[in-house]
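Presented below, as structure tokens, is a lone chain in the form predicted alone.
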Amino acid sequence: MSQPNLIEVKNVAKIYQEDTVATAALTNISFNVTEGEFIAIMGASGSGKSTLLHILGLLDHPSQGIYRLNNVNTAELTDIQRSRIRNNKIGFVFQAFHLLARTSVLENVMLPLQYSSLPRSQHIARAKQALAQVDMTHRIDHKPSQLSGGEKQRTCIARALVTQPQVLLADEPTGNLDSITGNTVMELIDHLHKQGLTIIVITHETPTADYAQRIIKLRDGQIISDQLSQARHHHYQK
């Protein structure tokens, strides 16, 4: 039995208007993501992949087309509803980490819970659980400046997991890491996928994309291919 679509993107476009000049960042983008799928969105700088990630993460609105998340047309959501979904249903991992410098690893991971409905008494336990998932409990009291690049990214992944989201959106998660550390981070993300998490990774690096089941390639704001990853194909043949 096939999995239901978690994400449906239909004829989505994003046009930026500056004075009289209109620039199309995305044109006629359509694809679905089923629950539990692991997708890489690839493209060179300027291909539109970060714009697409911002739309998928409800950080931006499409100019045209429909984006459904959990069968809900996101255009019909209020700003408060969008924020609530963003905080509870979507985990974000960024290339630049965005960790608070003067704050411990534990407190950084707890941050998204400030806006959740979870009782404050459970915040520490949930954060420790997320850190255990990424093997970072030994660094719980450290500041970001005391961490390696890989440990910073694992802390970011724990922060993304702490709300127990439905989908993890990772924007160039290996971009600031050497290849060995990047592989370690991608193996962790792959492990989370095997536990059932839906994952969308934005990348321009083939070794990173090869961890995914499916690779969507963008060029000049349009999808030029959408196919199973050849590197992983044999893992997913039924």
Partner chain sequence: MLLQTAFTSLLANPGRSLLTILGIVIGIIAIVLVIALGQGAQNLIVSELENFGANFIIIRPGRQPDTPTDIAESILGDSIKEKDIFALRRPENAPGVVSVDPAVLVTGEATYQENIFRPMIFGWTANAMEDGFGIRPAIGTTFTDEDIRQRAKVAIIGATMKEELFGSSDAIGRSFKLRGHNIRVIGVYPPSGQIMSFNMDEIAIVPYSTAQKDILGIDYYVEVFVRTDPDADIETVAEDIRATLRESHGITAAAKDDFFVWTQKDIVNRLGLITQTLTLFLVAIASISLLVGGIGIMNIMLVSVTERTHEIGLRKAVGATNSNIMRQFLAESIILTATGGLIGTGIAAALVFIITWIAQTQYQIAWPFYLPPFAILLGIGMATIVGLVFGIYPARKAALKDPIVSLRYE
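Numbering follows the first chain given and starts at 1. In this text the structure is predicted, and so the values were computed from the model without any measurement.
Although it is not shown, the form predicted in complex with its partner chain is what the next lines describe.
- Query: in the predicted complex, do Ser121, Arg126 and His138 all put a heavy atom within 4.5 Å of its partner chain?
  - Reply: Per the other structure, none of Ser121, Arg126 and His138 touch its partner chain.
- Specify the contacting stretch among 68 to 76, 110 to 118, 128 to 136, 147 to 155, defined as having any heavy atom within 4.5 Å of its partner chain in the predicted complex. Looking at the other structure, the answer is 110 to 118.
- Message: Contact with its partner chain in the predicted complex for Ser83, defined as at least one heavy atom pair within 4.5 Å: yes or no?
- Response: Yes, Ser83 sits close enough to its partner chain in the predicted complex that at least one of its heavy atoms falls within 4.5 Å.
- Item | Partner contact for His54 in the predicted complex: its partner chain, 4.5 angstroms, heavy atom | Residue-level check for His54: yes, a contact with its partner chain.
- Taking heavy atoms and a 4.5 Å cut-off, does Leu59 contact its partner chain in the predicted complex? Yes - in the predicted complex, heavy atoms of Leu59 and its partner chain come within 4.5 Å of each other.
- Message: Within 4.5 Å, heavy atoms only: does Asn87 come near its partner chain in the predicted complex?
- Response: Residue-level check for Asn87: yes, a contact with its partner chain.
- Item | Residues within 4.5 Å of its partner chain in the predicted complex, restricted to 157 to 180 and counted by heavy atom | Result: Arg159 alone.
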